[in-house]
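Just the one chain here, laid out as structure tokens, in the form predicted alone.
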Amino acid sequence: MDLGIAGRWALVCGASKGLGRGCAEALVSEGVNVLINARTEAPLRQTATELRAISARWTSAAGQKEPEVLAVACDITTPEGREAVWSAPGGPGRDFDIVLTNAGGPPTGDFRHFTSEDWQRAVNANMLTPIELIKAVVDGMAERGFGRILNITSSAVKAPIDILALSNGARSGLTGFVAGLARSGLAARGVTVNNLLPGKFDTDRLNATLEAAARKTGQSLAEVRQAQAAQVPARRFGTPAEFGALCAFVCSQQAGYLTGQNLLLDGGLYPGTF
């Protein structure tokens, strides 16, 4: 299926590894120009190099101009970091067609031990920064008649996890904001806003959560991994490539009627009907 997004520009945050990288790979494979962002320069540059190899293969297969890949290493949770993205040489400024917000999850632990500063950092990274990014691009998208805004949140938005108190709170706040924004008339102007809720995907973030569970229970990490995978009806953890494939579809021309949704990817783990 031709997703109809070749030649568009996407901003992909947290793209040096994990789910963000999976999304960037899927978009480049569809001919989308990407500006990838993460805090640490070396892995981000390596990811950019590997994305350019994907871009070259797409050109060979499609016979069209290869997608561009730009990389900006910065802390996008700061005004200075966001300005570095908007002013990146060769980039589209603020005229992105696709924006994927994605922040590393805040620390795990007992909420009794978190300070007000911990909560402020979590809310800034996982709620306020996505809102700032959306605010910067959404009106331009509406004027041009096309936009796809996606936020990587967490399955914990639907089924909170006790050791993820910071994430539960901050991401739920973003979810409420998106629900209102998506129904504000943007879809009639070609702009959709959705959340992607990952369950147990084989990423560094999952490993950190499993390590915390191992410390809490006294089990080995291998035992915790095996037990956690066994709980998933698919009997395995998801892959970033699977996550990226859904991201690319939600960004597609065909997904213009899909907005205001929380799309759960968890291998069937969530037990509810709704």
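In this text, residue numbers run from 1 along the sequence as written. Quick caveat: nothing in here was measured; it's all calculated off a predicted structure.
Same protein, other form: the form predicted together with nicotinamide-adenine-dinucleotide (NAD), not shown, and the subject of what follows.
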Q) Pick from 177-185, 132-140, 114-122, 75-83: which stretch has a heavy atom within 4.5 Å of nicotinamide-adenine-dinucleotide (NAD) in the predicted complex? A) 75-83
Q) Does the 4.5 Å heavy atom contact test between R94 and nicotinamide-adenine-dinucleotide (NAD) in the predicted complex come out positive? A) no
(Q) I'd like to know whether V193 contacts nicotinamide-adenine-dinucleotide (NAD) in the predicted complex, with contact meaning heavy atoms within 4.5 angstroms. (A) no
Q: Would you check, heavy atoms only and a 4.5 Å threshold, whether G104 touches nicotinamide-adenine-dinucleotide (NAD) in the predicted complex?
A: yes
Q: Flag D110 as yes or no: does it have a non-hydrogen atom within 4.5 angstroms of any non-hydrogen atom of nicotinamide-adenine-dinucleotide (NAD) in the predicted complex?
A: no
**Q.** Single option in L35, A26, A38, L51 placed near nicotinamide-adenine-dinucleotide (NAD) in the predicted complex, where near means a heavy atom within 4.5 Å
**A.** A38
Q) Is any part of 2-17 within 4.5 angstroms of nicotinamide-adenine-dinucleotide (NAD) in the predicted complex by a non-hydrogen atom, and which residues would that be? A) G14, A15, S16, K17
